[in-house]
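Take a look at this single chain, the form predicted alone, given in C-alpha cells.
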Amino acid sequence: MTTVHIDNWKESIARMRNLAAASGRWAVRKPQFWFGASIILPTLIWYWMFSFRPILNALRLALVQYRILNPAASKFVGLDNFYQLFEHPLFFVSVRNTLVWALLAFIFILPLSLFIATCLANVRRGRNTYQALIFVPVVVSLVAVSLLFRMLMDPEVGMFNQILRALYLPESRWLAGSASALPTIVAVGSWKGLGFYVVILTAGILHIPEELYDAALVDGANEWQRFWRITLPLLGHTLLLVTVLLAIGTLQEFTFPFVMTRGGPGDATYVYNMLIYSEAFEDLRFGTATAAALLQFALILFISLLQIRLLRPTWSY
C-alpha cells in the first residue's frame, strides 16, 4: 500500500513538472514576456550594481583590515573591526546623540506637520500656493541653510541675539552651548524638512472621502471630534509612511551637525555618521567604518520593521 502511494506521489510530481515546463515554454513565446523582461532586467541590473553588490562588498570589507593602496593584501580579521568600533571613545556618545536627535525630530516635526497639513486641507483657495511656500526650504541647499543659521546664531554678532537684546530678553548661546546646541540644530533641520512631510500628510487627508465628514457633521461632531475620530484613524497608512521616512532620515543625519558645529561644542552634537566619516576619511580605517555603517543599516532596518509591525493599520478604505 505504501509503495502505491509513493508511485502516485512520484507521478503527481512528474505531472506538475511537465505542466510547469509547458507553461514556461508557452510564456516565453508570448511577446508580453519579453516586453516585461526588457522592463524589469535594467532595474534588476541597476539594483545589483548600486545596491546589492555594494552591500555584499561591505560585508566582506567589514571583516578585513583594508589597505587602500593594496586591496588584495587586506588581512582577514574577522569581527575585530566591530570590537574596535565598540571600544571607540565616541561610539556610545554618537549613538546617544543620534537617538536623541531622532526623538527630538519626531517631537518637532510630526505634530507640527500634522497640524499644518490639517489646516491646509481645510483651505479652499490658494492651497497649492501655501504648499509651495512651505516646501521651499526643502529644496534649498543643506550647506547653505547650515551656514546661514550658523551666522544668525552667533552668540556675539548673530542677528537672533541682537533681536533678543533689543527686546530686553535673555540671550542664548545657541550653537555655542553644550545644552542648547543639539536642540537648536534639530530645530533648524526640522524647519528645513517640514514641508516634505506636510505635503505627504496633506495629500493623505485630502484622500479621505468627504462623505465621512458630512455624516459626522450631521451627527453633531465638532472639529476636534472629526479630527480624532475620522482624520487620524483614516490617516494611518500615511502616518506610517511619514514615521518610517522620518526615522530613516534622522538616524542618518550628518550635514547639519558637521557644517554648523563639527560635532561640538565638545561632543554635544557628535552624531553617528560623523563617526563613520572620521573613521573612513580622516583615520583611513575603512574596515571599522564599514562595520559601523553595517550596524547603522541593521539598526535602521530593525526600527523600520518595528514601526511597520506596530503602526500598520489592519484595514483599508
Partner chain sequence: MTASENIDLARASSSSLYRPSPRRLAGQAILHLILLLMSFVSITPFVWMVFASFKHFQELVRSTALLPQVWTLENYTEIINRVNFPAAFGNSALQATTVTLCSALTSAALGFVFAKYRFWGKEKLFTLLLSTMMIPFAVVLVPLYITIADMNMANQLSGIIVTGLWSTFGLFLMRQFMESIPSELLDAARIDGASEWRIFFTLVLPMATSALAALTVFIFLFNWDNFLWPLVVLNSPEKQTLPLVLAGLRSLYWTRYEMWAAGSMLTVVPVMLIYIFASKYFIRGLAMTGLKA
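A quick note: this is a predicted structure, and the numbers were derived from the prediction, not measured. Positions refer to the first chain, counted from 1.
Although not depicted, the form predicted together with the partner chain is the subject of the following passage.
Contact annotation: residue 80 falls outside 4.5 Å of the partner chain in the predicted bound form, judged by heavy atom distances. At the 4.5 Å threshold, heavy atoms of residue 194 reach the partner chain in the predicted bound form. When the partner chain is considered in the predicted bound form, residue 51 lines it closely, a heavy atom lying within 4.5 Å. Taking non-hydrogen atoms only, residue 66 approaches the partner chain to within 4.5 angstroms in the predicted bound form. A heavy atom within 4.5 Å of the partner chain in the predicted bound form is found for exactly one of 247, 145, 176, 234: 145. Note on contacts: among 104, 93, 152, 230, the single residue with a heavy atom within 4.5 Å of the partner chain in the predicted bound form is 152.
Here the marked residues 120, 203 and 262 all reach the partner chain in the predicted bound form, each with a heavy atom within 4.5 angstroms. Of the candidate stretches 176-184, 95-103, 135-143, 80-88, only 135-143 has residues with heavy atoms within 4.5 Å of the partner chain in the predicted bound form.
Of all the residues from 39-55, those having a non-hydrogen atom no more than 4.5 Å from the partner chain in the predicted bound form are 39, 40, 42, 43, 44, 46, 47, 49, 50, 51, 52, 53, 54, 55.
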